[in-house]
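Taking the form predicted on its own, here's one chain by itself in structure tokens.
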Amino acid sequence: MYLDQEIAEQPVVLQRLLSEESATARQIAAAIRDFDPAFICIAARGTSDNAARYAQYLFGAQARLPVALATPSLHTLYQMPPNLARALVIGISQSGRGEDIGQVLADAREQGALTVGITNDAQSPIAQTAAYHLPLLAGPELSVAATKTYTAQLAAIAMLVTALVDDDELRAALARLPGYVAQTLTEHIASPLAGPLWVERYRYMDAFATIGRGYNYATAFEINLKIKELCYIAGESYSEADFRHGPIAVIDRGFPVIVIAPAGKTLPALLDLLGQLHDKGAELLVISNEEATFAHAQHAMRLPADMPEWLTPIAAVVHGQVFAMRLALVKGHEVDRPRGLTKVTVTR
């Protein structure tokens, strides 16, 4: 089975990326400063789209740059691309072969935008189309469900932002990232196939929700996607704020909800929501490094205590990856080759 191996590889992949591509990130950051974009536009699909959600928060919070998600269909199906001349346009793709993502980059570059590709293949069309390329160096990812390439994408985004703002505190925290992820894996990796007995509890769940906010809005989407891909269970992902605007009405006794609630700016609101969900009888699985969040949790998934909020998505998603893998195994599914999926999905 490749999936458990690729999950376990993530600290090594992150260390390699930080060690070997920091100079590339600094070069791209210098180009961004020279270009002085009015905004950032990110083109991505699937798992990479969740990495783009993380970039929205990190570039916005640390570099004060507004970030929009591209509308690739305007470039391909409608052939009416918006004006991106003053934008930094980033294409994120594991394979680098998404034709619509490549078309966004091609149109943007023709308009005069600064273009950057983030892929796991330096020879891919997207890498060749962009003016600059930041390789993930994740090595071959043989399981269909993306794990190490996703966390490498988040780390690549963190590298760009850290280089752009040139902040020593951020740089020092980023250097600790591989250790944070290794620590998160500690409770899982000793027996990745057997899994803890608590996963059996969810063998017959037929619906679920994932909730995050801020930096971990992306994590709610990515964990949700992994469970859908591997376990074939219908689920929805929400911002904590949006969840209160209607979807909370579906919560009844025993309804499974995965909540990502690390220490930081989003914690007070998430603690309040956890209390409401507990009162409704929800089955709460909580990912956090704040003990107060576990008061009502059926199961606690811990993050490193000193991990800064802006980096927590890169460790928090690992808990979701392991949960999705183990639940798929409990249900008897093929985890490396989920039904109906292929490793590379080419959209136009």
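In this text the structure is predicted, and so the values were computed from the model without any measurement. Quick note: we count residues from 1 along the sequence shown, nothing fancier.
One more form of this protein, predicted together with a further copy of the same chain, exists but is not displayed; see below.
Of the listed positions (271, 182, 233, 199), a single one reaches within 4.5 angstroms of a further copy of the same chain by any non-hydrogen atom in the model of the complex, namely 233. Contact with a further copy of the same chain in the model of the complex, defined as a heavy atom within 4.5 Å, holds for exactly one of 228, 176, 109, 278, namely 228.
Just one listed stretch, out of 133-141, 148-156, 114-122, 247-255, contacts a further copy of the same chain in the model of the complex at the 4.5 Å heavy atom level, and that stretch is 247-255. Among residues of the shown chain, residue 259 is not one whose heavy atoms approach a further copy of the same chain to within 4.5 Å in the model of the complex. In the model of the complex, none of the heavy atoms of residue 205 sits within 4.5 Å of a heavy atom of a further copy of the same chain. In the model of the complex, at least one heavy atom of residue 46 sits within 4.5 Å of a further copy of the same chain.
Contact annotation: residue 172 falls outside 4.5 Å of a further copy of the same chain in the model of the complex, judged by heavy atom distances. Taking a further copy of the same chain as positioned in the model of the complex, the residues of 66-88 that bring a heavy atom within 4.5 Å of it are, in sequence order, 66, 67, 68, 69, 71, 73, 74, 76, 77, 78, 79, 80, 81, 82, 83, 84, 86.
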